[in-house]
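In the block that follows, a single chain appears as structure tokens, in the form predicted alone.
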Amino acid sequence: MSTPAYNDLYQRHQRLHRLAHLQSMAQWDQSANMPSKGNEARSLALAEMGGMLHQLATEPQLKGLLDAAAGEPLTADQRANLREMRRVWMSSNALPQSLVEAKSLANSRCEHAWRTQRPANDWAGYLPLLRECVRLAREEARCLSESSGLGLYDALMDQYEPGMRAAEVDRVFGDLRSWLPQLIKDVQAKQAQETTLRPQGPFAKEAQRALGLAAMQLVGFDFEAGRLDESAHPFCGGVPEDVRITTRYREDDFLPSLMGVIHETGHARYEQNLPREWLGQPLANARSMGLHESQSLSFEMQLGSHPAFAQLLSPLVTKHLGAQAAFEPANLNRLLTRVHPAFIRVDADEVTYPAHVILRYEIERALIEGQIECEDIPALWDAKMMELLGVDTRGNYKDGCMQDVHWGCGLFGYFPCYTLGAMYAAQWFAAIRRSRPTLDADIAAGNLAPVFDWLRSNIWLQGSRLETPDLVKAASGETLNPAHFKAHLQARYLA
């Protein structure tokens, strides 16, 4: 059957994918390898590339091709791909090229300055750069809102979690807020009766890197299709054919780096296992960032903090960092599941982590909707950290409102995805246990294949064939159900 319009669109998206590949590598290099004096030139180059990609995604003839393709005899997968092509086209056309380029440039400059301003606790120096990022994010929200009819914050969140709305996030997070603070107290009271040995450092960076590589091998990373590097903030980038993950190291504590590597490997394995026959097409993209975070948190929290997983990690830790009583499996598991409200989100335990996300969501939504300004962030941050976690951040910007790179990179609307991802991950593991009641024994025996096989079949290989609620229901038998997350935390930490 003849499908000329669809075939034309297919080739155009292949070209977009190849150019985005180069853009992604340049962004990775900017964060992991580039000398500091190269940032301005790289920022200008990335802005130029962003403008080029925007031109290609908004070419005038695309509308006619999309409309014509809709009338062609397409397969179910081709129709799903066309649906995603139209979504890309609509969001791209909502934004003027000048805004795309200005946003890229401002974000690159802000993120680069953040790397030195954060350790210096320099909120005053960071503020003007952040103001510009927020100004452009608000303009982006306005453009997307006018095009889609969504509210300002919803329009930004829809770029990361298509179909999710702030009203639903409010409902889910409101429920979390009602029981999470008491759960944190109950778990702390229970754990206060336990004795936990602290590892004795220092831990050399090279030894930690070797440990991270061994952990990546344990959880199935394909080293012929990616690599591990170091950056100021851990991330996963690159493309499915060449996934780049990064971590950061502290010589006084090896666990943040180790668990960060396992977290990013969850992202990486999703990318490495997207449907290969569709690479270069929107159908082969990860469906949403909430689903992406469900993979990283499946690896880091559901699996990485599983009591039996410590038995697998313990010999690796001992091999690379030397023998210590603290590295025995039972003690290592207590370290991995220690609940302690603290400053840093990326190092937070599984129970307190959602409080960090709720805080950021409430602040960034108010910021985008114009209810607050950048100058208001520190006081709000201090108040919410005390309310949600009982942690005092007054005057401590580097461990407070400057700790994350997201706002300086213009990623407004992203933060809810982390806790949505934790909820999805709990739902995945509930579904895996229903289909394989021996799962916990499998993990204890070092057989992780049942986890990876289920994720590969139900999430990774699906790409964007289905919209999120349909994908979640097909995988687990129901749409998002936060009750699985609550049940998981209660079972792991209070049973």
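Only a predicted model underlies this, so the values are computations on that prediction, with no experimental measurement involved. Numbers for residues come from their place in the sequence shown, where the first is 1.
Keep in mind the form predicted in complex with a further copy of the same chain is missing from the figure; the text below concerns it.
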Subject >> a further copy of the same chain in the model of the complex: contacting segment from 44 to 52, 59 to 67, 442 to 450, 463 to 471, heavy atom within 4.5 Å >> reply: 44 to 52
**OP:** Only one of Arg209, Arg227, His233, His292 comes within 4.5 Å of a further copy of the same chain in the model of the complex by heavy atoms, so just point that one out.
**Re:** Arg227
Original post:
Here the chain is shown alone; which of Asp404, Asp382, Glu328, Asp242 has a heavy atom within 4.5 Å of a further copy of the same chain in the model of the complex?
Top reply: Asp242
Subject >> 4.5 Å heavy atom contact, Ser435 and a further copy of the same chain in the model of the complex >> reply: no
Original post:
Wondering, does Trp428 line up within 4.5 Å of a further copy of the same chain in the model of the complex on heavy atoms?
Top reply: no
Original post:
Hey, in the model of the complex, does Glu251 get a heavy atom within 4.5 angstroms of a further copy of the same chain?
Top reply: no
Original post:
Going by a heavy atom distance of 4.5 Å, is Ala483 a contact of a further copy of the same chain in the model of the complex?
Top reply: no
Original post:
With the partner absent here, would Arg18, Met34 and Gly38 each sit within 4.5 Å of a further copy of the same chain in the model of the complex, counting heavy atoms only?
Top reply: yes
**OP:** Taking a further copy of the same chain as it sits in the model of the complex, which residues of 176 to 213 have a non-hydrogen atom within 4.5 Å of it? Please list them.
**Re:** none
